[in-house]
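What follows is a single chain, given as structure tokens, in the form predicted alone.
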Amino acid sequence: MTSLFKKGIKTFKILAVILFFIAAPIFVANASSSEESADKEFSPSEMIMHHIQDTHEFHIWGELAMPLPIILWTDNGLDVFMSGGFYHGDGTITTDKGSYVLEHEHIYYAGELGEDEHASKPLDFSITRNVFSLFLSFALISWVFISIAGKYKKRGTSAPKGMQSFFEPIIIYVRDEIVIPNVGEKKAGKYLPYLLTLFFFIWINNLIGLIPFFPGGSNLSGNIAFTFTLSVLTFLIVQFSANKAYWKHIFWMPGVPTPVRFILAPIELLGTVSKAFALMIRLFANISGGHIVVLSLASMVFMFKSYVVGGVVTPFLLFIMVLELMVAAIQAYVFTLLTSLFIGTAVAEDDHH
């Protein structure tokens, strides 16, 4: 097991070195593309918001971008087209179902925007950059673990090789150091699939967001809708898994005077929601904050327009990028750890309290 862990650490170091050398130049190039108009003053906040928000295309380099499918449900039915015209045309796309305009990454019916503050919008089911990353992470995780499962069937208990040697120590660590201590050995198997999926899903998406070129560069874990969905899933699993002892300690806590119980019950009930809320905000804030710090450092080069500043900023930028590799794993670990802790509290027997 020690040798497998060392192989995993070695692979991680190689990835860190690769990202170390490619991250800064590409982030700087992306920042410079925001200043492509000579008569337009560079705006750090505009550049940062452009890179962390969800968009309907992947910016690759300079004027080169990959448009993504726009899928709208309009008054005239389903309308599907590519997003290229929004960014590289006149900003308006006209189809046989209607005309549309993109404003702050929201699609409106053309002609209505600006006339009414309540301009109507079609239902938008488009494949945005974050949605693309979501599908990509799903495909990667499915491919990796289906491949690993297939190799286990062939090799049985023989020493793992390739991807197995990297992922097996991580899986065992999540099982033995996170799930079993918090949920309990008897019930760990029931929740292990969800918790493993949660860990790798967050971790892989965090890593994809750190890749500064296509198909990476998205900010899925920094999207509040993404973290909200994960926290709601955790909340529902905790509540539906909870036993009588859990609810007893919420509504009628033993050993407490009856008048105090009526005061504490609403607070305890609110606490079940606040735990999920904290999960949502923690992941969202940490990932978004990391992206903002990196982009802010890159912006300093163009704010001061100095090679000296660039020489000073670049080492810090590279250091933060490598640090973000650790944050990507730590945030997945923390989310999984707290989720397992909440589940363990809900399923624990009364004599454990």
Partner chain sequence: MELLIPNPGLVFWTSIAFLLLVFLLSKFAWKPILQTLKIREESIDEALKAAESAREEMGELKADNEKLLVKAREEREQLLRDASKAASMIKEGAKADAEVITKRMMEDAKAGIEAEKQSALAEVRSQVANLSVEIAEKIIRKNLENDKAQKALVDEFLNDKSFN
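Numbering follows the first chain given and starts at 1. Just so it is clear, the model here is predicted, and its values are computed rather than measured.
One more form of this protein, predicted together with its partner chain, exists but is not displayed; see below.
The three marked residues, L134, F145 and T197, each reach its partner chain in the predicted complex, with a heavy atom inside 4.5 Å. Of the heavy atoms in R175, some are within 4.5 Å of its partner chain in the predicted complex. For the chain shown alone, S43 is not a contact residue for its partner chain in the predicted complex, no non-hydrogen atom being within 4.5 angstroms. Its partner chain in the predicted complex is not approached by V183, whose heavy atoms all lie more than 4.5 angstroms from it. Contact annotation: Y152 falls within 4.5 Å of its partner chain in the predicted complex, judged by heavy atom distances. Residue heavy atoms within 4.5 Å of its partner chain in the predicted complex occur in exactly one stretch of 94-102, 241-249, 165-173, 257-265, and that stretch is 165-173. Between its partner chain and the residues M82, I127, A110, I211, the one pair within 4.5 Å by heavy atoms in the predicted complex involves I127.
Scanning 227-243 for heavy atoms within 4.5 Å of its partner chain in the predicted complex gives F228, T229, L230, L233 in sequence order.
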